[in-house]
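There is one chain below, alone, in structure tokens, taken in the form predicted alone.
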């Protein structure tokens, strides 16, 4: 731990142009703390810096140009489930900002707090008489919610409650107030039948299952968000066969035959679904970015990093948009997938 702590603190002092004597003083303090307790406590300034750099280092994220705009809420003093829930609601309200989405992270004490949900806002998934209602990706966590008392309406878009666990004790369930969750009904200006599909999606993707690793310490509960790229909703969540699988219905509405793939019905339906997502979000005044603009922003990020003599690492398979990938510069470039720290890391599922 001391080695990782030293690397991070040296980076913090170097990038923030702090004095050498203060660096040595801080390193000595950390070494003493680790020797006494086996761990150490980050200052709020270190936490803020580390969270931003973790976004900068996120190999799978195309939206890293804005890494330095991240708002950080230090919530390490909260240990009651009710207080943690209120802090998460504060995060949702602040990040949503009536559609003017603000990149945000809330960090809770490591080794003590865990959020069982993949995202703070997510739709439930149910298995009913051999069929799936809602989001198939949420079936397991929905079952956990039901064990704790959740009774869903069994619609395709039931908001899941949050499961919060402290100190390994029995987790507690908290229902999200519907008035705090901004959802966007999806329509299409060229297809009036589209609104009869009754599709919608929530405005803010707040990842809550990943840990935040910084200087040898992992904060297991550190939900964070940016804003959506439209393909996340239109080419994955609503389009994937193992998710909402909406392409056949959309193709039918467009009058396309789905009997053979060579007529490209999937491609044509996919384009119109993504168009609907972009148009609907923009009509509601909710921040969203299209994949072409996002790729251009990523190019600016690469140029920005080059000016600062930092190599950009990336996971090519994640950075290339799942729609029109070859039209972006990312498709034609190799990327080094070396993982730097600080970073956001996958964690073992808390209920398996």
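Just so it is clear, the structure is predicted and the values come from calculations on it, not from any experiment. Numbering follows the first chain given and starts at 1.
The same protein also has a form predicted together with arginine (ARG), omitted here; what follows describes it.
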Taking 111, 116 and 211 as the candidate spot, are all three within 4.5 angstroms of arginine (ARG) in the predicted bound form by heavy atoms?
no
The stretch from 82-90, 168-176, 116-124, 154-162 that lies within 4.5 Å of arginine (ARG) in the predicted bound form, judged by heavy atoms, is 116-124
The listed residue (219, 281, 228, 194) that reaches within 4.5 Å of arginine (ARG) in the predicted bound form by any heavy atom is 228
Answer key, arginine (ARG) contact in the predicted bound form at 4.5 Å (heavy atoms) among 72, 182, 207, 246: the residue is 207
Next on the checklist: Against arginine (ARG) in the predicted bound form, would residue 237 count as a contact residue? Criterion: heavy atoms within 4.5 Å.
Outcome noted: yes
Item to check | in the predicted bound form, residue 272 touching arginine (ARG) (heavy atom, 4.5 Å) | outcome: no
